[in-house]
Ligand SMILES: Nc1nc2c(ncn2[C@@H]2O[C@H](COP(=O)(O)OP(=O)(O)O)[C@@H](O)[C@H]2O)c(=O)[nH]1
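Here you get one chain, nothing else, as structure tokens; it is the form predicted on its own.
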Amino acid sequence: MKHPDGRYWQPMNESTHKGAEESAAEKSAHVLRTLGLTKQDGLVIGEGLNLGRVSIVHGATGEVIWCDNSGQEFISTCHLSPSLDIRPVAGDWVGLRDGQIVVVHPRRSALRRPDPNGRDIQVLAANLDLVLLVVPIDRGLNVRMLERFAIMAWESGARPFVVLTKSDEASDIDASLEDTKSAVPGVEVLTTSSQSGEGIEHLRDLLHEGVTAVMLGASGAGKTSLLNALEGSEEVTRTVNRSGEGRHATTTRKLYRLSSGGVLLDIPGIRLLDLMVGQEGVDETFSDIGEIALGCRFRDCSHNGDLGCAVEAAVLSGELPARRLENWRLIQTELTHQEHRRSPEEMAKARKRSGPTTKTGKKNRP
């Protein structure tokens, strides 16, 4: 049929219109799948809103990857609506309207740590399936940090997976593997090297479509190098100083769509003091102690001098390493301390015990 302006055009009948709608819906679904959307997210898109996923948040704005009703993809810097009751983070699914983030959809999992103010909880990343516990073994295994990483991972609601890095520089890989399996029983472990490529293909297979992962590790653990090895990218990396302490190479939280089909959230390295401790995560990480504790005489046994303690008996017999019980005790103390710090009543008692302070922050002496 000839249009009045001289062009030829095909009138859109009902079936053609329906086909166009299906095509647009398929395009939208494909974009969202590449961003990690799964049926588990259970999202219902509000009327008049576009659905997107947060990549980075800076102050009052967030970078969002989203698509419109036609299935076209966009990356936009969006302002946070003043009416939001929750601050979005990397990995959040959000509803957009007129360049604003107006809805943060419920999270099915979230990686958290204590806020620097000592009272609140800071969310690092949301809607995760896999938490990669990235730990270097070139200078020996830091068991204490690995245990706390595992606690954070279990607390997030996602599945922990240990990635031992820098194996090409390790002197005793077998010993590191043995220590790792003892520290996080039941958690899968993969040995990798960004230099030689060891374990990289296995890691790539884990990060398939529908999987959103985050790398949790200290600065200098090799997280960015892993990303480079996975994707052949050239993200900025920095060397580790002589003391073994790394420097931050990643300064903002980012969302990467991987060639393997999965999504990777890259967050800055964190310190031991930043790690979140929760009872559920402790129970999962120290499941071996939990199983032995079933034989304790008292259900509320503290495993610290109690009569009939099966856990202490297991240490004496050599069934359980003494270091394992000692770390469990330290973490239980830390858990109690964190709970008290977040309790207004306990904080008020602590201030009363410590006495009034002067403007310089020093205690007044009687």
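These numbers were taken from a predicted model, which means no experiment stands behind them. From 1 onward, residues are counted along the sequence shown.
Missing here is the form predicted in complex with the named molecule; even so, the following discussion is about that form.
Taking a 4.5 Å heavy atom cutoff to the named molecule in the model of the complex, the contact residue among 100, 142, 180, 193 is 193. Of the listed positions (260, 219, 109, 81), a single one reaches within 4.5 angstroms of the named molecule by any non-hydrogen atom in the model of the complex, namely 219. Shown alone, this chain has one stretch from 221-229, 149-157, 206-214, 287-295 that lies within 4.5 Å of the named molecule in the model of the complex by heavy atoms: 221-229. Residue 105 falls outside the set of residues with a heavy atom inside 4.5 Å of the named molecule in the model of the complex.
At a distance threshold of 4.5 angstroms between non-hydrogen atoms, residue 166 is in contact with the named molecule in the model of the complex.
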